[in-house]
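The chain that follows stands alone, in the form predicted on its own, written as structure tokens.
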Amino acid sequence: MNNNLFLNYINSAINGSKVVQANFLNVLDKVSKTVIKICNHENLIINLDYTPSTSWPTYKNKTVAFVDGGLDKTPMPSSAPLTIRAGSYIVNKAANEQLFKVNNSKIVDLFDPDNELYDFIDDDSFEDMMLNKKKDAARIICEAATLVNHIQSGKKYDFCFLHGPIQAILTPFTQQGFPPFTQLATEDFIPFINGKKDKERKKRRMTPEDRHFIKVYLECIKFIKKSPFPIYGVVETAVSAAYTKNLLYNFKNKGHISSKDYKETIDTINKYRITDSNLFEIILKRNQALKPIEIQKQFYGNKLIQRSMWDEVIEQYPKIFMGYVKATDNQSPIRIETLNYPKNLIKDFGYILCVSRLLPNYGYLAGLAVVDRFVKISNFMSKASRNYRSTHLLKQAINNKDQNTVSLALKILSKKNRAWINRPTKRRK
């Protein structure tokens, strides 16, 4: 059996994979034809004009903010350091203005009971399981708070773009026991949370339920929805079929397709893991877009994605509008999300197209690429922090004058028990 493993593996890759892939392409072609018919019937596909000589003189006068968050989660022994920041790249080419700004930042140890970000849960196994979710929630809140800061600043923006969805999926944070933010963190990130003046707000202690991610994020979303300027979330690669599934669901409700055909199509999409990117790569041509359709992000059809104790709060989340723009033939369409249907759809999507074609064959907003580099926690910072902690650990071990403690410290520093100095080496003749 072992001798034939490699041959069987190759045989499966050549024959089995070929059949699966051919079947996938056939199924994808069939589903795309169905979706094209619906898009044409609903007049959802629009052509965008891209003429640099006429487009850019119009768009260069725009004041635009690009927002993103950066996260460093380097694991360390006996600690969970978290460095997070959210920043903006603000630009107006006509006025020759270009500004990088850090709006929110935090440096905490999530294993520290006195950390300033989350209430501490005294359960080692549960705390470790929640670690990544807590880091993601912190990043999402930082980014949302940055959008809120731009609205509160009073500065007149023509557009604001967030690197990522305008409303995150809440399922990972609805698990019972997910810790609330601390009072300090809540007031720091979301100063408007109580809707009162500073002096009055500081006198009131918020309940753990009020400080939970689900409620704090809801307040952010409500505030962002009231923005006087358009705010868009831009997703580079769609890993779901949210647009397609909601489009089919709406079409079924209108009586244009039967419940049986709807169910069969949805089952096919789920079985073959067909995404919006797969479909719209085929359907859309360069410089084309799909009009936004209304979607309840936390629901599929008419039911919650996953039931939890937070259902009543989740139902208060507003719907979003989701569309797509295809900038180049070589890149997948990008997903555009907003909390309000665009008042100037053609102009807004036209700007997105122009900025996405600034770099050859890039197909994504160049400003978001810039802010992504700006807010990213640099490797030299991560390495310096890790090296300092490691050196401190080793010094403590040496001062302890215990060989086993020194050995443990060396293994921790090398990260692997067998990969540092104990590996066998090939003898040279």
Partner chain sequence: MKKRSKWQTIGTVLGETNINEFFFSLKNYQAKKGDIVATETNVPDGNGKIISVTVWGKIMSIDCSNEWFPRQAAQELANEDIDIRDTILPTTRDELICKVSILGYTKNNEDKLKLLPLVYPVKPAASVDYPNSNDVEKLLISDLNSKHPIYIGSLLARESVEIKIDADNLVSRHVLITGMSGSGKTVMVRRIISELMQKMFPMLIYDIHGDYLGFVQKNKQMFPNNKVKLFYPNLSIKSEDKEIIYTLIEKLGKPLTEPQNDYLNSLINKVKYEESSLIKYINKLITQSKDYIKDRNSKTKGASSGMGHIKAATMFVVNRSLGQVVKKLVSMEQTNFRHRKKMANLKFEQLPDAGTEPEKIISKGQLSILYLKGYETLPASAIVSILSESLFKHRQEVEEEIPPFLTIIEEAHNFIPSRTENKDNLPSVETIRKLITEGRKFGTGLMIVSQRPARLDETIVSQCNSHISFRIKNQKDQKFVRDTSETFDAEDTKQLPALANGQGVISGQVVNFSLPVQIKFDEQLLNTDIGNENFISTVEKWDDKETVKLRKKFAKDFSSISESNQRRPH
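Residue numbers count along the first chain shown, from 1. For clarity, every value in this text was computed on a predicted model and none was experimentally measured.
Keep in mind the form predicted in complex with the partner chain is missing from the figure; the text below concerns it.
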Checklist line | Interface stretch in the model of the complex with the partner chain - options 91 to 99, 132 to 140, 275 to 283, 235 to 243, non-hydrogen atom within 4.5 Å | finding: 91 to 99
Check: Only one of Val313, Ile169, Leu359, Ile121 has a non-hydrogen atom within 4.5 angstroms of the partner chain in the model of the complex; which is it?
Finding: Leu359
Checklist line | Partner-contacting position among Leu394, Val370, Ile45, Ile377 - heavy atom within 4.5 Å of the partner chain in the model of the complex | finding: Val370
Notebook entry, point to check: So in the model of the complex, does any heavy atom of Leu162 sit within 4.5 Å of the partner chain?
Noted result: no
Note to self: Test of understanding: in the model of the complex, would Lys37 fall inside 4.5 Å of the partner chain by heavy atoms?
What the structure shows: no
Note to self: So in the model of the complex, is the partner chain close enough to Val27 to count as touching (4.5 Å, heavy atoms)?
What the structure shows: no
Margin query: So, Ile398 and the partner chain: in the model of the complex, are they within 4.5 Å at any heavy atom pair?
Written below: no
Note to self: Taking the partner chain in the model of the complex, would Ala145, Gly154 and Lys226 all count as contacting it (heavy atom within 4.5 Å)?
What the structure shows: no
Item checked: Residues in 22 to 53 with any heavy atom within 4.5 Å of the partner chain in the model of the complex -> Tyr50, Pro52, Ser53
